[in-house]
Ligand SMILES: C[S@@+](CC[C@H](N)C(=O)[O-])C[C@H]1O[C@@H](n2cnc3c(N)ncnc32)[C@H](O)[C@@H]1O
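Only one chain is included here, represented as structure tokens and corresponding to the form predicted on its own.
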């Protein structure tokens, strides 16, 4: 799917994300226009964010509602505490991003899937031209407040339906969120599709089922696990999704992306899939 890596062609000028986008309905290039020149589907760009998304379903709907709602603000301190336990946010992120930071292979144009508020941008080389997508509009707005230079480089879109032509980016990565994507197989295929042949593709997140180390699971009282997850700030529907999750992500990786490898991160509490 992605053969032996090749050296990137060198820095490219920053492009508006609409210049890079294609229609989700018919696949035609938007050519910078606000609607598809072939089928007419509209692609508005509001507050510097391209809208290339339809009604959300499944886990994507639940996750977007969580990040767009009050639960994320309550949960955020717990996430920051987790990163501190991994040696700090920068160290935790570099366990993953190091797979992109290879001498002689710096990508000129990259795509972060699930960019959130743009926290990973702080540890990437300043010469990179990064674009990003996310299913939570509030997170994209937070990214713009944190990184105003990302105006015109963000899209409200799903990982399973990336609005870009094949081989648009030199590298693609997703850090956090992948475990609860609606369709893991489709997301992996899309990330590889929009990346040039040989470009690095990196996917990382916490391992599923961490709640099974909780007291409720050990005692056979799942309601207790649901209680403490709610206390962390997760809303009821998100907690139900976590407790019911039964996807074998390793099986998905080996079936869809057999040339990739799996790396242990965050003291075994996370995974990182890499195609090189």
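Positions refer to the first chain, counted from 1. Predicted, not measured: the structure shown is a model, and the values here were computed from it.
If you look for the form predicted together with the ligand, you will not find it shown, but the lines that follow are about it.
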item: Proximity to the ligand in the predicted bound form, single hit among 130, 202, 157, 194 (heavy atom within 4.5 Å); value: 157
item: Among the candidates 198, 71, 152, 176, the residue which, in the predicted bound form, approaches the ligand to within 4.5 Å (heavy atoms); value: 176
item: 4.5 angstroms heavy atom contact with the ligand in the predicted bound form for residue 63; value: yes
item: 4.5 Å heavy atom contact, residue 93 and the ligand in the predicted bound form; value: yes
item: The ligand contact in the predicted bound form: residue 172, any heavy atom under 4.5 Å; value: no
item: Contact label in the predicted bound form: residue 188 to the ligand, heavy atom within 4.5 Å; value: no
item: Candidate stretches 224-232, 63-71, 35-43, 243-251, one within 4.5 Å of the ligand in the predicted bound form by heavy atom; value: 63-71
item: Complete contact of 110, 165 and 168 with the ligand in the predicted bound form (any heavy atom, 4.5 Å); value: no
item: Contact set, 138-154 vs the ligand in the predicted bound form - heavy atom within 4.5 angstroms; value: 139
